[in-house]
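Presented below, as structure tokens, is a lone chain in the form predicted on its own.
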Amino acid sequence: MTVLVPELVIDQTGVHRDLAIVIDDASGLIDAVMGAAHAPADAIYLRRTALAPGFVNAHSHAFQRDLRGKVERVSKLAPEDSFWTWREAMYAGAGAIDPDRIRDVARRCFSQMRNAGFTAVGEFHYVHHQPDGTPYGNPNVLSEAVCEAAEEVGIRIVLLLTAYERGGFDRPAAEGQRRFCDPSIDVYLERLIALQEWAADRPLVTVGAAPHSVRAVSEGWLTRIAEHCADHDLVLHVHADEQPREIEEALDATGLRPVELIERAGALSAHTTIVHGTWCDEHEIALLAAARASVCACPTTEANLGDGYLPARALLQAGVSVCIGSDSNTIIDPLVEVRELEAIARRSAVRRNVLVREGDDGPTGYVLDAGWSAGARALGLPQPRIETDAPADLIALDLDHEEIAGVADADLAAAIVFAGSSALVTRSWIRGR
């Protein structure tokens, strides 16, 4: 057993002093939470430190971390830069990937996540094959390399194996997309099953499915993937409603908006997470609520790409669970991401303290749950809590850091959310290590 005695504990139930956390080193679970006065002589005292559950990053593309700085210039060929012109630079970056390179960039990316306070990541992985689309001898070699990088860092990973069929409605894959694509849904599902089997005895690795978007996969593929997820209890993540052009193309091709198309394909359920959802309309939000599906917002990436604003208040009012992701990994900081949920709601409503649930006295609880409970639910992971039998996935926060020094206990959680950053994080434990 390892026993941690912090100055205080912050979790979904509030701020608590005089507690000791007992970790079972073999299982990586919290064995007990008891009074600090009963801690054994060999307990580890974390003075001037708060202990909190680790944050969950529900959407990442690790290889895009190496685009930092490269895409922040106006192109002479495309002076009106947009998400769609940014994509070309992203494709160029993806084209340079090989197994060693993706392992390296993933390791660096996941290391920064862990240092920032993320203890789990959903990696939406779509660089699968060689640049011309030819499979490697091991068709999952790049996926496995990403998972091995996570294991090296010691962060939990849900590898969301991405399905890519085409370049768009009635369009074949462009040159930069060929290595993302599988030749058939059967080939994709074979790779998904093989990856599930490979990950089965790896305690930090689980697997989910990710049809990339309604642009990139047909309705038939969506249906088959949804059926597989239902049969194998896998989560399903899919990009949707990130850009107006995406919606226009879906309407032109099918007469349906993206979430409506996902629902018609049978792929909208409590296991489903819609990534972005910045342009969801009222009907799509109602569909999400009825299916008990989630939305993963990636506010810093959505700002960087000019994607628009999440309809955060409407999602809260409809009861749709919202989690967070770092997406392109331009910024990796869970507190920045959760804070932006409320900031977006305030800018949209032109008032303060908007994302307040019934019974709460402010938005702090809601946005912390977006970083904790909602993210774990979206990835099919155990809830991040400081209680018996919960995973010992914890972060330590420096109470003397100038961002929160001198704040009273009653205000501490709100101060961490609205004034803090990843600079507060001094260490982390994942499975107790």
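Numbers follow the displayed sequence, beginning with 1. Quick caveat, the model's predicted, so the values are computed rather than measured.
Below: the form predicted in complex with another copy of the chain, not depicted.
Annotated contacts: Asp81, Asn115 and Arg351 all touch another copy of the chain in the predicted bound form [non-hydrogen atom within 4.5 angstroms].
Asp307 is the sole member of Glu165, Glu249, Glu260, Asp307 with a non-hydrogen atom lying within 4.5 angstroms of another copy of the chain in the predicted bound form. Proximity to another copy of the chain in the predicted bound form, taken as a non-hydrogen atom within 4.5 angstroms, holds for one residue of Pro131, Gly266, Pro135, Gly362, which is Gly362. Using a 4.5 Å cutoff between non-hydrogen atoms, Arg178 does not count as a contact of another copy of the chain in the predicted bound form. Proximity of Ala415 to another copy of the chain in the predicted bound form falls within the 4.5 Å heavy atom cutoff.
Interface residue remark: Glu72 is counted as part of the site for another copy of the chain in the predicted bound form, having a heavy atom within 4.5 Å. Taking the partner from elsewhere, Ile331 is found to have a heavy atom lying within 4.5 Å of another copy of the chain in the predicted bound form. Judged by heavy atoms within 4.5 Å of another copy of the chain in the predicted bound form, the contact stretch among the candidates 216 to 224, 343 to 351, 319 to 327, 118 to 126 is 343 to 351. Annotation for 274 to 303: interface residues with another copy of the chain in the predicted bound form are Trp279, Pro299, Glu302, Ala303 [heavy atom within 4.5 Å].
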